[in-house]
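Let us start with two forms of the same protein chain, each given on its own as structure tokens and named structure 1 and structure 2.
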Structure 1
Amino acid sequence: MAYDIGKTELINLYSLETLKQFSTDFLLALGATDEEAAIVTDGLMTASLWWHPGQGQGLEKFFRFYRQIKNGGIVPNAPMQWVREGPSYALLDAAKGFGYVSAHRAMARAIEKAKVTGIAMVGVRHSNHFGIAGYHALHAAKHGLIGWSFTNAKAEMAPWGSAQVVLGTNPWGIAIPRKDTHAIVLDMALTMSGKGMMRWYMNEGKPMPDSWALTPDGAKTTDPAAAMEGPLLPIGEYKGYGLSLITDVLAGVMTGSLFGLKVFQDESHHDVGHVMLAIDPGAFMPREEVDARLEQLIAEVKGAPPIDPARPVILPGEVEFKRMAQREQDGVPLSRETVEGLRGLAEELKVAFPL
């Protein structure tokens, strides 16, 4: 089954189970352990169910994994170590392992500690791209805790008032559990968009919003090709720049990872830093009271009359969970270009290719 999402980008749909099996087999062939393959596959499937293919957060990540494992940037079965630890904090040295795995282990430790102390913060150093931030935050929400995850990233944003890139998109994920329904999940980069979506607009021959990025000389533009080498613009103008700076302080400077102009530059040594927080809402008042107050707030928010009746007010994450349900039923989209690239890697690794 195939459909178009644009002028040039033909998309095929594949069952979730088919993609899970291929992902697992592919990761094992790259040298991942069973645990690593399971964690990374779960993260990639969540990304594939949530996001637009142009954002490159699904199986498109396999091309980077392949290159980085070949050049030593990712070490399967990495000897990760807990280097600092206290009742409500810890620091994990990821030893160049999979970012999804180090972040998963860090959030698991934060959850464990927060259930005892009420709140816990766990840092990760010497890691790699950890996928989508909301995935790790949701890990805590599934245990009844508020989860907050963030990471530093490659310099693509300029400090406010400059056109020279220094800071990353530095994404955040925050998940707030609700009783008997989906969590509220805020998953966002601190830039208006990313280079992946700009590239998709460029391939489609479409103009992008002029709030996404600047040309290298600092001019606004709607031409994604003209802005590919320029800086991405932050959310909320100077406010997003400030949030990105603080994120790099916490995830980069404070953990001992690279930061600013050096992090994520060399594929053989990305040295990314992450931070995971878990918060027990029941530490402040009985959980039943928290849940009731939360639902009251949500009712007020959702009850706000929409400007456009066809577009009612929604909660963060609501679109993604709806998209997830649809794709679980209809299939997960992959571009023909991605499929053909994966076919070549599968042949090289002697992995069965069901796509």
Structure 2
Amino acid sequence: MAYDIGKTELINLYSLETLKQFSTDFLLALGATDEEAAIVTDGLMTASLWWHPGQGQGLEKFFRFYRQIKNGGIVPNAPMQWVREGPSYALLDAAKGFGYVSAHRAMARAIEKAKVTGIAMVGVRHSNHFGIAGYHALHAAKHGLIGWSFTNAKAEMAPWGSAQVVLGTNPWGIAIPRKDTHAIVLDMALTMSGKGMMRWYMNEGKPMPDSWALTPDGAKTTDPAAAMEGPLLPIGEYKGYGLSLITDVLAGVMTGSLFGLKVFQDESHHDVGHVMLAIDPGAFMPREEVDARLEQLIAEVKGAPPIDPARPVILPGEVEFKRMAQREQDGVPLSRETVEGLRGLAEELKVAFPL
């Protein structure tokens, strides 16, 4: 089965099981341990089920893994170490390991601690791109806690009033567990949009909103091509700039990773930092009461009449969980370009290629 999304890419659908097996085999061939392969595969599968192929968070990540493992930027079976620990905090040195793995271990530790103390913060230094922020937040929600993940990232945002990039999109994931149904999952960059989305608009020949990015000399524009080398604009103007700066303080400055202009610049040494928060929603009252009160708030939110009757109000993450259910049934989309690239890698690594 194939379908066309705009002019950009031709897409085929593949079963989740097939992709899982391929991902696991591929990661093992790259030197990942069984545990690492399982964690990274789970993250990539979630990204593949939630996000669009053009967003580069699914199996497209393998191209980067391959390059970075070759150039030493990612170390499989990395000797990660816990370097600091207190009642409600800990710091993991990721030793250049997979970002999915270090962030997963950090959130697991935050969950353990928050169950005892009410809230915990676990930092990660010397890590790599951790995938989608919402995935790590959801990890906490699956254990009944609120999760909040922060990461720094390559400079793509300018301080407010400048056009020179210094700060990253510094994505956040926040997840609130619900009883008997999917969590609320807010997965967001601190910019209005990203270069990938702008490229899609450019390829489609569409104008973009002028709140997305500036030209390199700081002018507003609706032409994605004119802003491709310019800074992305933060959410809420100076507010998002402030949030991005604060995120880099938490994830970069405090943890001991690179930050600002230096993080994520040299592919053999991205040195990304993360922070994971876990919060016990039942710290202040019996959990059943919190759960009931949450459903009451959600009913108020979802009861708000939509402006367009065809588009009812949805919760953060709701689109993604619907997409996930559909793709689990119909298959996961991968662009032909990605599949061809993966075929090449599979041949090189002598991994079975079932796509």
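Numbering for residues begins at 1 and runs along the sequence of structure 1. Only the largest set of C-alpha atoms that superpose within 1.5 Å between the two forms is called the rigid core. The structure displayed is predicted, hence computed values, not measured ones.
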Response to the item:
Check against labels, form predicted in complex with another copy of the chain ends up as structure 2
Discussion item. When the rigid core is used for the superposition, does residue 223 move between the two structures (threshold: C-alpha shift of 2 Å or more)?
Written reply: yes
